[in-house]
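Below you'll find only one chain, the form predicted alone, shown as structure tokens.
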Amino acid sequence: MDDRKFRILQAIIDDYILTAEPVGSRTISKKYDMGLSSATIRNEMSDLEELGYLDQPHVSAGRVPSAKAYRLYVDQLLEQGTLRNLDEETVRAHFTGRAHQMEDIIDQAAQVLSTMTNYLAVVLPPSGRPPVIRNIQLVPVATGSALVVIVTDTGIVRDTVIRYNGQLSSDTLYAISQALTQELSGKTLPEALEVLPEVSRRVGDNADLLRSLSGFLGERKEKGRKPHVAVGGTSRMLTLPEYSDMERVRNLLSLVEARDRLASIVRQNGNVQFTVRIGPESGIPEMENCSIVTATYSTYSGQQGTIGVIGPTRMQYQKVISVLSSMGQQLTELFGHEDGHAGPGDSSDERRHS
């Protein structure tokens, strides 16, 4: 493809992304200063259609980009290095001072992604081995209740208030915390649950408190069986022109409801900064009119999570990839420090595109 054809194709894609209306040669001639006549543009558009880059929905209508055109467009964006992190401060502001529970952060990330892109956003927790306990703290909050904080090697803090009979001093709770940390450090939550009865006998006569702690660990174990999948922006997707077709709406809603399948579609493996699947490239029949863009983030222990955006093929790719880049860096900062606090994320210089 020569430079003139590519410039015309890029203008058609940009216009169609904004309007969702087929693009004609006169539109390109008037809106884009190319120094070409409408007739010349029309001839080039005919050639682009023969090459498979444009489709003509109706005989009298303009053209719309094909999946092949979007693939060329995205590859050029990535190869030319024209992407930059957009709205980085906006992304950061959404997480400042928020909770450190993994599920809360993932839910917030999905909402931020959908708000900033206006598409369906999916955020998956880190995959790989389960997190390992590093520290347990018990802090008195009222008579008969204490805040339990469990810090794992992923830098993620899990906390809840547990209740028990009687009254324990701060010094007693501190001593129990030290004993629990010594006994359970290096174990996963399920492993800790298994050995807790034996640990309880060594810790001393605080059976009621330790039963409450065991109940909390049991709840965490059950939650861990099914990874948390955060979704945001379903209602925003339904406002797009593409979803005036009820069949597409049904396909989208059925996909959102099947969270396990949605996770398998979005999940990204390997050290790849971005994956862009356009239309039929996903191999999923009900997704043939959608594009899926995913990126990764990392935790302190090297585990990798996935963030993704699903939208129509006329997606604003440059903005989506840029927002995903900023979000990936922010999540890596949040989960990337041994102490669990936000800090500089890892470099993505050695990552590659797909």
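Don't overthink the numbering: it's just position in the shown sequence, from 1. If you're wondering where the values come from, they're calculated on a predicted model, not measured in any experiment.
Same protein, other form: the form predicted together with the DNA, not shown, and the subject of what follows.
Novice: Given the stretches 283-291, 22-30, 319-327, 66-74, which is the single one in contact with the DNA in the predicted complex, using a heavy atom cutoff of 4.5 Å?
Specialist: That would be 22-30.
Novice: Would Gly62 sit within 4.5 Å of the DNA in the predicted complex, counting heavy atoms only?
Specialist: Contact with the DNA, yes.
Novice: With the cut-off set at 4.5 Å between non-hydrogen atoms, does Met45 touch the DNA in the predicted complex?
Specialist: Yes, contact at 4.5 Å.
Novice: Residue-level contact is defined here as any heavy atom of the residue lying within 4.5 Å of the DNA in the predicted complex; does Leu51 satisfy this criterion?
Specialist: Although the DNA is absent here, Leu51 would stay clear of it in the predicted complex, with no heavy atoms inside 4.5 Å.
Novice: Do Ser301 and the DNA share at least one heavy atom pair within 4.5 Å in the predicted complex?
Specialist: Close contact is absent here: in the predicted complex, Ser301 is far from the DNA, nothing within 4.5 Å, heavy atoms only.
Novice: Is it true that Arg236, Arg250 and Thr275, all three, sit within 4.5 Å of the DNA in the predicted complex, judged by heavy atoms?
Specialist: No, none of the three is in contact.
Novice: Select from 29-48 the residues with a non-hydrogen atom within 4.5 Å of the DNA in the predicted complex and write them out in sequence order.
Specialist: In sequence order, Gly35, Leu36, Ser37, Ala39, Thr40, Arg42, Asn43, Met45, Ser46 come within 4.5 Å of the partner.
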